[in-house]
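In the block that follows, a single chain appears as structure tokens, in the form predicted on its own.
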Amino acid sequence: MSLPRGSQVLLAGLQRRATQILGELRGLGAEHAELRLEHGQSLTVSVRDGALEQLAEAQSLSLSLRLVCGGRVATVTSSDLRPVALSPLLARAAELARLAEEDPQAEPPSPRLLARRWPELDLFDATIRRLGADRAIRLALLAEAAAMQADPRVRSSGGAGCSRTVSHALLVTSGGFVGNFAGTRVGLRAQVVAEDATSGRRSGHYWSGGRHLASLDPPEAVGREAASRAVRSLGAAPIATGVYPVVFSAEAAAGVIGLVSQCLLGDAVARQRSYLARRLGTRVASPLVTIVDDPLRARGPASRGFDGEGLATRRRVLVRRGELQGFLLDTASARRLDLPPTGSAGGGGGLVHPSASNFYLQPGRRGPRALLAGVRRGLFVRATLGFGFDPGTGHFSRGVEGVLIEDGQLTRPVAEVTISRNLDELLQGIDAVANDFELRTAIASPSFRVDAMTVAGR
């Protein structure tokens, strides 16, 4: 799909400016430069109790620059691109690069590895500009009203909001790469608090969004889901400490899979700060587990045709049926590990680092309710709380909220409990994976069941 005329003009202007900057840097003696220019437009509205609380529109233009001089690196960023400010900044960046410590891994990727073409990923929705302030406010008000009217136990609003962003970016390197990007995002959220005389207060939140305006759920559905989440957690209480089978909802499961992504990043692996660093080619999870990083999914939340160094991206299976197949590597971490780069660099034009794109657990064939079958007494996790994870050892411990499972049925809500198990053992213990997969966020997962975890309750 071709971009609108306005987007083409904007990107052409960014490219002209980037060419001028690269010319100035060559005059300052820079051996290699990676330059990213980004133009952003955003609209954000929030409402509370039926009234507008915030309305903000913003426009930005920023520069991120990475210079390499004699194996020494400097990075700078700026939002002031006036010539009177930019020229001194570039001179200072060149000076910083000459003064920095030498880094043998800092050399840019070979020009022959740079991407020459990439697929159209449908990341830009020209109709998103129809979402003006009036419409955004109306959507937020409808979502809040639906939430407040969904159940008499919903007593107060935590607010509702609607937002959209339009981004245009250009990455240019002195190695010959020129790549542009245009993307849009839209979101609608609602939050409410439910309470009753015996169960106290519980909040519920729901969000809908995506790259295209059509990806938004109806505002009434967003509000009702937020209310449902608040109401269904009323009366939540701890369960007895013990070892239980645990079923993770799709949202909670995504949090677990996100921890795996941290352990597959090349810088953590190269520095031996990941428990998976020496596990390549070995079994690290159940045979039901296949984990994919796919930057080429159409309309994906983290899709990209090229990475932050200008290398082509591709779909990678990192864990195949439980066996670790690879890591996510930028050029520097690939050199440290004596492996080829994987087109996984983030932070283009600045602090380049390995990063995941659309990272997910491949769905199974069962419906999500089938994961409850045969569980005499267990825990269904709806949300995880806190940050209890050590990538170096794999130790995992999180507070959770959910529902008690008894004889294959969801019974009473549970809160104020902590689940724990080493992530290595947790992944090995996955004994069922559902088919309820939806790529709404960059890290995603279907529901899955773990055979046993320690639950610390009362």
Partner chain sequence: MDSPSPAGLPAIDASLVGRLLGAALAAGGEYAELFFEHRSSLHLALEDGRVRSVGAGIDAGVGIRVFAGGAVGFAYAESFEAGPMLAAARMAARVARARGKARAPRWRAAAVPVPAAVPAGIAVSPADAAALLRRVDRAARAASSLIVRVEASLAAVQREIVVAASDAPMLRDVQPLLRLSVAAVAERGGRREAGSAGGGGRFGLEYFLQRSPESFGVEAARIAVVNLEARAAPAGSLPVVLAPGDAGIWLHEAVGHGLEADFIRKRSSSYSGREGQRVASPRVTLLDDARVPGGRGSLGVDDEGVVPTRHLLIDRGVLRGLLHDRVSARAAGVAPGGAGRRQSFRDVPLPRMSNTWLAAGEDDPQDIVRSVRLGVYAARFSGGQVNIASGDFVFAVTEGYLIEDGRLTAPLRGVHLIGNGPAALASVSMVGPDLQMSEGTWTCTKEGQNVPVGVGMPTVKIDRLTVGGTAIAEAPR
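The model shown is predicted, which means the values in this text are computed figures rather than measured ones. Residue numbers count along the first chain shown, from 1.
Beyond the structure shown, there is the form predicted in complex with its partner chain, which is absent from this document and is the topic of what follows.
In the predicted complex, no heavy atom of residue 167 sits within 4.5 Å of its partner chain.
A residue is said to contact a partner when one of its heavy atoms sits within 4.5 Å of a partner heavy atom; residue 400 meets this definition for its partner chain in the predicted complex. Proximity of residue 104 to its partner chain in the predicted complex falls within the 4.5 Å heavy atom cutoff.
Of the heavy atoms in residue 273, some are within 4.5 Å of its partner chain in the predicted complex. With respect to its partner chain in the predicted complex, the three residues 10, 302 and 438 uniformly fall beyond 4.5 angstroms at the level of their nearest heavy atom. Just one of 133, 375, 113, 259 comes within 4.5 Å of its partner chain in the predicted complex, counting any heavy atom, and that one is 133.
Residue in contact with its partner chain in the predicted complex (any heavy atom within 4.5 Å), chosen from 121, 76, 126, 292: 76.
Contact with its partner chain in the predicted complex, judged as any non-hydrogen atom within 4.5 angstroms, is confined among 302-310, 283-291, 247-255, 76-84 to 76-84. Taking its partner chain as positioned in the predicted complex, the residues of 42-80 that bring a heavy atom within 4.5 Å of it are, in sequence order, 48, 49, 51, 52, 53, 54, 55, 56, 57, 58, 59, 60, 61, 73, 74, 75, 76, 77, 78, 79, 80.
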